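To begin, one chain is listed below as structure tokens, in the form predicted alone.
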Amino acid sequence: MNSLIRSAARCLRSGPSVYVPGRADGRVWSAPARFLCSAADLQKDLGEMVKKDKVVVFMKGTPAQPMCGFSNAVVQILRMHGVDDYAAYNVLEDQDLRQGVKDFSNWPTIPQVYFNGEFVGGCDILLQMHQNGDLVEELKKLGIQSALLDAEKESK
């Protein structure tokens, strides 16, 4: 019985924290995102994680403190569009998550952005979508009104 408990304890480990802004008081809360035992479990968990929120970002650091320029750019682009309510997973806290999300999406870099469970791309793709107006349209499909549209209306 003790060996079963010890092996279960080795198998279970807390994953990275998920950061979800949007509380009424403006604070961000975090909670353990998962417990994993195998690569198959990780892929299943990732499938559930990307579907849990309309917008999900796997990044280095947190929205409040990005730890790389590309992750910061994604946060800033989303912020310009008024998207503050999204789940962000810090891949620096968990090497398995960092590699697992790359395998899951078949995309070699971080950050990674998902809309309604669908992989959108990384920083370069999100920047391109922002520049050509596609991001406004994709956000509209999610039921999110881009703040840039509001700013455009006010300037007229």
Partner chain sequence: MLPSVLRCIRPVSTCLTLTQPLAHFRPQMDPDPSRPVEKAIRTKLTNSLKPDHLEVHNESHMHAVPPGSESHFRVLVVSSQFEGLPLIQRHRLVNEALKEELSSCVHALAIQAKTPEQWGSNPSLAKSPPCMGGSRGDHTVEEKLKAGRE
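Nothing here was measured: the structure is a model prediction, and the numbers come from that model. Numbering follows the first chain given and starts at 1.
Omitted from view is the form predicted together with the partner chain, to which the following refers.
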Hey, in the model of the complex, is Ala39 touching the partner chain, heavy atoms inside 4.5 Å?
-> no
Contact of Phe115 with the partner chain in the model of the complex (heavy atom, 4.5 Å) | no
Spell out, yes or no, whether the shortest heavy atom distance between Gln128 and the partner chain in the model of the complex is within 4.5 Å.
-> yes
Hey, in the model of the complex, is Asp124 touching the partner chain, heavy atoms inside 4.5 Å?
-> yes
Go through 88 to 115 residue by residue and record those having a heavy atom within 4.5 Å of the partner chain in the model of the complex; state none if no residue qualifies.
-> Leu92, Gln95, Arg98, Ser105, Asn106, Trp107, Pro108, Thr109
